[in-house]
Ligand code: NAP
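Below you will find one chain, with nothing else, as structure tokens; this is the form predicted on its own, and questions on how it binds or moves follow later.
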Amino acid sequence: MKIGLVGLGLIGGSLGLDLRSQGHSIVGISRQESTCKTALRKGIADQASTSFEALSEVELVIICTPIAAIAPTIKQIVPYLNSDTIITDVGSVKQPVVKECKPLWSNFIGGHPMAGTAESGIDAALPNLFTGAAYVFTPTPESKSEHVEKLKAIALQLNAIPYVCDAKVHDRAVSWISHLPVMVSASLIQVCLQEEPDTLQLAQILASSGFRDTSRVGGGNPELGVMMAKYNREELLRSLYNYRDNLDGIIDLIEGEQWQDLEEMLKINGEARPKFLFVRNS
């Protein structure tokens, strides 16, 4: 299959590496000529261009831009595509993207590979980034079943695990397991920075794996964090309000010295945690 990748950063570049290894012909599109040259040198794309005209013969386009640029990009590429070309994206929020993009191109199906690193840019691209990861697709009732099957087949070739669901259900789920952790992690870092200088300095020296694990996503790409909040605002606020209520409950247990109840809650959490990790470990 001839596949176009618009945006050659971490996700676009990693898709190019893996899809080319599966025999697909990759056309990479970037605003920067230097990025195009890097894509060719690293084996990410067979062709690379700054012009959308290069997409004229592709069967599938994967938009790998920030969320705010997905719809504008589709508007720009539409004049160059065949009428049966499928378009999907990799954005971490689906409902507003699908609502805006489906009217622009009837063959648009929202997508979200649940993989990434703290790095960005084409030099961060990795082979096998999607192995064991969930790859979600959010078709509408008007989407063609054969198009959904083609996308699921692509996900399987990436050694990812394809899932199909409603866009709203996706956004509510990722608000809990992706977007809320970013905000909670950011809050952890922020509140530590408000400590007295001597305490803060010692905390920075003593910080180890526990702090590293819980603070990682809060210290990532700020643009991505803002996009999560902006485009998944309703669901993120819902999860934040519920999290705040639950945190208040933990405070009440500690203030009331209800150690048995606290231990029982932590025990339940310990038993439940592996169920959130089965995809990557399967």
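Since this is a predicted model, take the numbers as computed values, not measurements. Note that residue numbering begins at 1 and tracks the sequence as displayed.
What follows is about the form predicted together with the ligand, which we do not show.
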| item | value |
| --- | --- |
| Interface segment, criterion being heavy atoms within 4.5 Å of the ligand in the predicted complex, picked from 118-126, 148-156, 135-143, 195-203 | 118-126 |
| Residue among 214, 246, 32, 56 with a heavy atom within 4.5 Å of the ligand in the predicted complex | 32 |
| The ligand contact at residue 64 in the predicted complex, heavy atom, 4.5 Å | yes |
| Interface membership of residue 71, the ligand in the predicted complex, 4.5 Å heavy atom rule | no |
| Close approach of residue 92 to the ligand in the predicted complex, 4.5 Å, heavy atom | yes |
| Close approach of residue 227 to the ligand in the predicted complex, 4.5 Å, heavy atom | yes |
